[in-house]
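In structure tokens, the next block holds one chain alone, the form predicted alone.
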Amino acid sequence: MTTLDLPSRVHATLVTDRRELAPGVVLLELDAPELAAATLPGQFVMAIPPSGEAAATALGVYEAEMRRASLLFFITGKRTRELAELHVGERLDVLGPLGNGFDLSGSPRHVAIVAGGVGIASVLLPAQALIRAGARVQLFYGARTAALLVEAQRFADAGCEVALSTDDGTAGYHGYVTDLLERSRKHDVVLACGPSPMLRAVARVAAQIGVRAQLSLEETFACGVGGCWGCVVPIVRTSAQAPSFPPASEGGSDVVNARICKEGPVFWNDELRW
């Protein structure tokens, strides 16, 4: 996986644009040149609500170029609601970039990216990087309903082939987005971000079609920096992401606990033991 080689720190950013992409889905654009320069595909930040009344919340970095970084998120509670109410010109402090993102080495020629719901927020940067490197990228994007399929055109404009699905059949394929992946069977590697049931299905399909998959796990982070151990997931001890501490059991288990916020959020499907 991509290793963070720049120190993370709190960036004092300014909101330069705010758009409601769908009911309860917000895109904040930030003037954040140092954050934009340091962010690698698949990394996230901890956004600190200005009032201090709510804890920081983890958000994937959607875009990062020049002076601009953007955050795309669904309003799910007090923390994200306060962020969504920010106006242009207001300050937002963010800690980051954090975590290890997608491994884009190996020069894959055909890449499938699977996004479910808010998972779309973490896959534009890897899609752009892969396309710049000459890869053919197909996005499989699923949501509950057509109104929540936000930014699909943004991916098409970036050069992705886009296949859509909805749970209620109001746009694209009527059914699970992983059904579309299973029918394609022509990719060198799969990248995915979305809810756990979708990621487990991606892992199953990838194993069936004989390719590896990188899964960006969604989790609620208390600290985001690996200090509280509140977001662990079991992985094989031989993984390059296996932390250097004693095995989970005194019996010499080959499975250890990794922190999703620190060693992840992206893991190889065949290294997870969840």
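A residue's number is simply how far along the shown sequence it sits, counting from 1. On a predicted model such as this, the values are computed, not experimentally measured, just so you know.
There is another form of this protein, the form predicted together with a small molecule, and it is not shown here; the text below is about that form.
Picking from 197 to 205, 181 to 189, 166 to 174, 113 to 121 the stretch near the small molecule in the predicted bound form, with a 4.5 Å limit on heavy atoms, gives 113 to 121. In the predicted bound form, the small molecule sits beyond 4.5 Å of every heavy atom of Thr39. Contact annotation: Phe155 falls outside 4.5 Å of the small molecule in the predicted bound form, judged by heavy atom distances. Among residues of the shown chain, Thr76 is one whose heavy atoms approach the small molecule to within 4.5 Å in the predicted bound form.
Using a 4.5 angstroms threshold between heavy atoms, Glu219 counts as touching the small molecule in the predicted bound form. This chain appears without its partner; in the predicted bound form, the one residue of Leu28, Ile235, Ala58, Leu35 with a heavy atom within 4.5 Å of the small molecule is Ala58. Contact with the small molecule in the predicted bound form holds for none of Phe102, Gln128 and Val137, as no heavy atom of theirs lies within 4.5 Å.
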